[in-house]
Structures are given as structure tokens and as C-alpha cells.
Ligand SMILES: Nc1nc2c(ncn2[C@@H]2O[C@H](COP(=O)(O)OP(=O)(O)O)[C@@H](O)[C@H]2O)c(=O)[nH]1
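This document starts with one chain, in the form predicted alone, laid out as C-alpha cells.
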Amino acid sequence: MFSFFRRKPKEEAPVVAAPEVAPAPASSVPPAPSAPVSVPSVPANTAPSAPVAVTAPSAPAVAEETEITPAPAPAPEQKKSWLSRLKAGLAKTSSSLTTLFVGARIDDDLYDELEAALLTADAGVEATLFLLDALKKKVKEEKLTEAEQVKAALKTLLTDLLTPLQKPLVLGKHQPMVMMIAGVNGAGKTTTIGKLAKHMQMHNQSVVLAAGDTFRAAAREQLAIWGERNGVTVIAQESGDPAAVAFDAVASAKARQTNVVMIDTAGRLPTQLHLMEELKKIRRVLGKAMDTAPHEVLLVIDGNTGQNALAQVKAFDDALQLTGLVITKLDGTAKGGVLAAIAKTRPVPVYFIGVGEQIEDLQPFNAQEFVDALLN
């Protein structure tokens, strides 16, 4: 059962410059309440730095678990607006699939054309063959003779394939909940963090952002702008170790009972092994700051990159043990079938999908809605 909350009023919160890492006694960080662990814990060692003082107002801890859903209880017209944007965003992928069934005969030519359309939409070889084999079997067993019946059967099969990816982001299991956000440059990672912060505030969660992207020019400033828009604190260093920034953000969140810590990390290609090693280091240091952290490791991927997105999922999952995905920029892409490839090859849950630049353009993933937009 979902829990919904009223939006909290915005409050100005400055960017806080975190000091250089210095040893501090363990007693200076109040212990967080214990909670069930949903991800493998990282062995804790001696903490490398002291908690950072933060000037943002604190919020009471949320004891009840809360699922992130389309922010709170959308009105029918808002829901219709989102579905319209989703359908418009997937129009290029949809047109290549739905036109095949217009006045079509149920024969090998239809299956060949459908195979080509799925591959073009970046559904991948494995998912495409799986869907075609299952569709042929369903057509034979149910004695389907009309093209519309075959399209409906494909919708059912595709929904069944994507439904395991549909998983809500649950808040309140940990205090604070520590989220590590990764992704290659250009995927929309920092913008996504700003949108997620707004979603969490709509569910009465206090948020701290950590500017761990020290490689990209102006990344810290971009995150600070989102912090100002949402009225949340951003922890940063002028020139520091991203792992130290992450540690300080968790320590300050524990001290002030902040609900959620979101850590931005530098964008990098999975082939840049030395940079991937730094991501692993951040993950290890988070385990020192809080022995159950990180609780969520999210990868932001650009929906336009197709099969390259699948390669990113595999590489980052191998390195970081991903707990969820956020797929952005699905608006206007002809490669919306990549979710089928992910579902069949590396089924990491998809928490959110985005079809535009506005806050409301990022919504929780719903398999039925996605397939309806794709094949209606």
C-alpha cells in the first residue's frame, strides 16, 4: 500500500564546502537506526574523516517505508498528460512496429518484417528471437487469424517480458538512505539527480546532495543550481577526493537525521578502467561511513544509445552491483526496444524513465503503460 505525503515548502540551502578529510573519533557520528539490508554490505574499517557541519534544516526521520510513485496521487488529467508525452516520445519506435500489422497477412513475411523492426528498435537478438518464437507459438495454439489479434498477442508477451523490471524505489528502510548515482557523460545524470530530489521531497523526504563529479567542468556548479531549485544542501570540496566528499555527505546526514543522501559521481565510459576503479573506491568508502551503504546504486543511461546502453548496464553492474536504472531521453528515439534487451540479458530493475526536460517528465517505470505507448 502506497504512502503519500504533502509537498514540503522549499527552503534556501547553500552549497557547503566540505573540509579536507581528517580523522575523527567514531563517537562524533551518531549511529543510524538499524534496518533490514537489501544490498550486500561493504566491510567497514576505520572512518577516514569527520562529519561535516551542514546548515540546511533537518527533517524528522521517516520510520514508515514509502514507495516512490508518480508524485502524489496524480489527477486524471495529469496522468493523461504523462501518457501522452510517453506515447509521443516513443512514436518513432512505435511507428516501425505498429505499421506492420495494418492489413497484414499472418505469414513468414510478417514475422521477418517484425524481426527486422525489433532489431532496428535495439531490442537485441536474444529478446527478438524470444519474442518471435513465443509469438509464433501463441498464434498457433490460439489459432489467431487477424493481424490485430497478433499485435495484441505481441503486447501481452512484451508486457510479460518487461514486468520484472518494474520495481518501486522504496524509501525509509535506512536512515539515511544512501544512493550512489553513476553514468557516462551526456546521459543526463546530474539533471536526473535534481529531478529525483524533487520526487523525494514530494514524499516528505529531506535530501542532501554530494558533488562527487570532480572531473567534468562545471559539474559541481550544475548540481548546486539544482540544490538551490529544490532547497537542499549540496556538499562539495573545491578540489578534493570524490570518495571523501561522499563520506562527508553521509556523516553529516547521519548527524542531522537527513532522510536521503544522493551522491553524484564523475561520468566515465566503462572502458576507462582507472576511472571505474575510482567508482569502486567510492562504494568502499561509503561502506566505511555507514556499514550498510550504499543502499541504492543507480545507473543513468541515455535511451538513444540503444545496444550501447546494454553494454553500459553490463559493465557497471559487474563493477558496482547495480540496484536500479534510470533511462532518460526516450523522447524522439527510435531505439525504445532497448528495455526488452535489458530485460532478457541483464534484468536490472528500471526505477524511472524520462521523456523530456521537465520535472514531471521523469516518472516511475510501468511496463503496461510503456507497452501500450509502444504498440497502440
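A quick note: this is a predicted structure, and the numbers were derived from the prediction, not measured. From 1 onward, residues are counted along the sequence shown.
Below, we refer to the form predicted in complex with this ligand, which is not included among the displayed structures.
- The stretch from 187-195, 150-158, 170-178, 202-210 that comes within 4.5 Å of this ligand in the predicted complex, counting heavy atoms only, is 187-195.
- When contacts are judged by a 4.5 Å heavy atom cut-off, Gln312 does not count as touching this ligand in the predicted complex.
- In the predicted complex, this ligand sits beyond 4.5 Å of every heavy atom of Asp317.
- Within 4.5 Å of some heavy atom of this ligand in the predicted complex lies at least one heavy atom of Gly356.
- Though the partner is left out of this view, Lys329 does reach within 4.5 Å of this ligand in the predicted complex, counting heavy atoms only.
- Contact residues in stretch 105-122 (any heavy atom within 4.5 Å of this ligand, taken in the predicted complex) are absent; none meets the cut-off.
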